[in-house]
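Shown next as structure tokens: one chain only, the form predicted alone.
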């Protein structure tokens, strides 16, 4: 039986599947959770920490991305480890060193028992090619914002089952959508599961999701090639590296405006003024906290942003 490996942020699913295990991105259950932890900074990490520590999610072990895109995970991951769950701490290199990242991936492989299914990365590479096509179709008005987001966000673990995920992708049906305002959603994904649908209903069509795009654009066939590709994971690199990448992608998609989603008590909040100074687009910054449907106050701000875009 495949071991279920929880991950707290982007850990190459290619590597976990190649080790004969199945990844499970704990973040993907948070927006649908009804848990409101008493002791927290960030709701994302506090909720998965509580659910894992109390064994409300059944896993065999945990990989914590302790260096890279989430700083709160380092402490909450240690809490899970202290509850008795085998835990490995993984660090992305800030300077993008592929040699260092290869050594980190080798340690992940050792933690999982070594490579047992070397053919899996090739399968995932083919699925990610389909993911890139899905991303392009949304930008062309052929797929809804919400449906596309729900598929792309699932590429972090490929729904923990390649065959099931492949079937899910095959069920996507194209349509013709009149795009009113072309919006890029940058930052971490919203903790509100209906956010994309709400934004679209208010005339803001999200045609680019920054973090889910990272899930589909990286791949590789073995530890060495996976490391060479994933070392350019923008959330783990300096801000100027990430900004240059965003400038290119936003120009390519001809966006009209940006929504920067930030999570309460997340260090990414501190990046907002830098992003505003370097991305030459109208920008709305939204801060979320606990999971649930999009609050009415945020809906009002989305409406006001749409009106501002249309006036300009």
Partner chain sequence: MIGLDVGSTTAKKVSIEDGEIKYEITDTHNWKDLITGIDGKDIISTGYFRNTVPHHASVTEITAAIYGVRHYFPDADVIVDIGGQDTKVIDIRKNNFTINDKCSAGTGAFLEFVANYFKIELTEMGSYHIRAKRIPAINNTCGVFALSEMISQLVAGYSKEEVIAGMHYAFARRISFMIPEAESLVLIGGTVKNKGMVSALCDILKKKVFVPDEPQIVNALGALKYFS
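Note that the coordinates shown come from a computational prediction; the quantities given were computed from them, not determined experimentally. Positions refer to the first chain, counted from 1.
FYI, the form predicted together with the partner chain isn't displayed, but the following is about it.
- Taking the partner from elsewhere, residue 287 is found to have a heavy atom lying within 4.5 Å of the partner chain in the predicted bound form.
- Among heavy atoms of residue 276, some come within 4.5 Å of the partner chain in the predicted bound form.
- Although the partner is absent here, residue 283 lies within 4.5 Å of the partner chain in the predicted bound form, judged by heavy atoms.
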